[in-house]
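Take a look at this single chain in structure tokens; it is the form predicted alone.
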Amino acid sequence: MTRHFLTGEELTSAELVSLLDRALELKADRSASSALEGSSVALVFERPSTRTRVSFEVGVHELGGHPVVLRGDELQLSRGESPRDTALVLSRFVAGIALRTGPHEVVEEVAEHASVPVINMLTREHHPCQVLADLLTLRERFGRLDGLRLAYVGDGNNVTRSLMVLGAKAGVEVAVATPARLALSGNSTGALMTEDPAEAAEGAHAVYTDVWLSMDDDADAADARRELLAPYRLDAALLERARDDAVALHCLPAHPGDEIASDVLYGPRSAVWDQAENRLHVQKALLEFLIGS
């Protein structure tokens, strides 16, 4: 049966642990696998990207495959062709399809009609590949995941939701601090939800934040959002509420002075650049798991 990776819910806890184990092996030896030799993977970008684009393209190549990179304006999707028809056509050519788009319904429709694995590289609702890298980073830093506490502060968004979903599967206690106006609706993961960033950060092994203005946010509301989110800035004072060995996390791109202080982003307790690199290794493990096998 064709398996997809759209939200992270598709993985069991055991599969998630195995995936991270394999990512560590592939990080130790980047040429250890040729699981995609002779295969092509379509990488569809309807949204601009730096880390996702480079890590997936390099990852497919390092696994011996050929990345077929397609921007939104290079596909008939931009002229009204349906995600269903796109899935049916691409499935005839490639061994897997990965999409970075807006509405989550697009990747769901592609997955429904594709006969090859579909990977969500980002939608408005979920960013599961990013959180695989986050979990790998925590695993490297602390030697385990079960029993760790991760605090997320700021805007309730796709990264927040994916942290809650995959954190629960990994045994990570996730605490989310957002203004009430920006909080996510629904919580079936057991995550702590609060409006107080200090409460979320208390005793945490990691404190995580994301941009205050995402790609689809109204630029005219920027000043109001900054004022609303200013108490949630990840700075040295907030990091001090966490454990002495706690690390700062950010999925990038960052805006120093807004959601994160410059001395935290570039300081000795930052694990941000490890997070960015780890996108490559976990995605290679994911591609191997879904397509290579």
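Note that residue numbering begins at 1 and tracks the sequence as displayed. Keep in mind it's a predicted model, so treat the numbers as computed, not measured.
What comes next is about the form predicted in complex with phosphoric acid mono(formamide)ester (CP), which is not displayed.
Of the residues 51, 225, 233, 27, just one reaches phosphoric acid mono(formamide)ester (CP) in the predicted bound form with a heavy atom at 4.5 Å or closer; this is 51. Only one of 246, 43, 229, 251 comes within 4.5 Å of phosphoric acid mono(formamide)ester (CP) in the predicted bound form through a heavy atom, and that residue is 251. Using a 4.5 Å cut-off to phosphoric acid mono(formamide)ester (CP) in the predicted bound form, each of 100, 127 and 130 places a heavy atom inside that distance.
A residue is said to contact a partner when one of its heavy atoms sits within 4.5 Å of a partner heavy atom; residue 279 meets this definition for phosphoric acid mono(formamide)ester (CP) in the predicted bound form.
Residues of just one listed stretch (234 to 242, 258 to 266, 51 to 59, 33 to 41) have heavy atoms within 4.5 Å of phosphoric acid mono(formamide)ester (CP) in the predicted bound form: 51 to 59.
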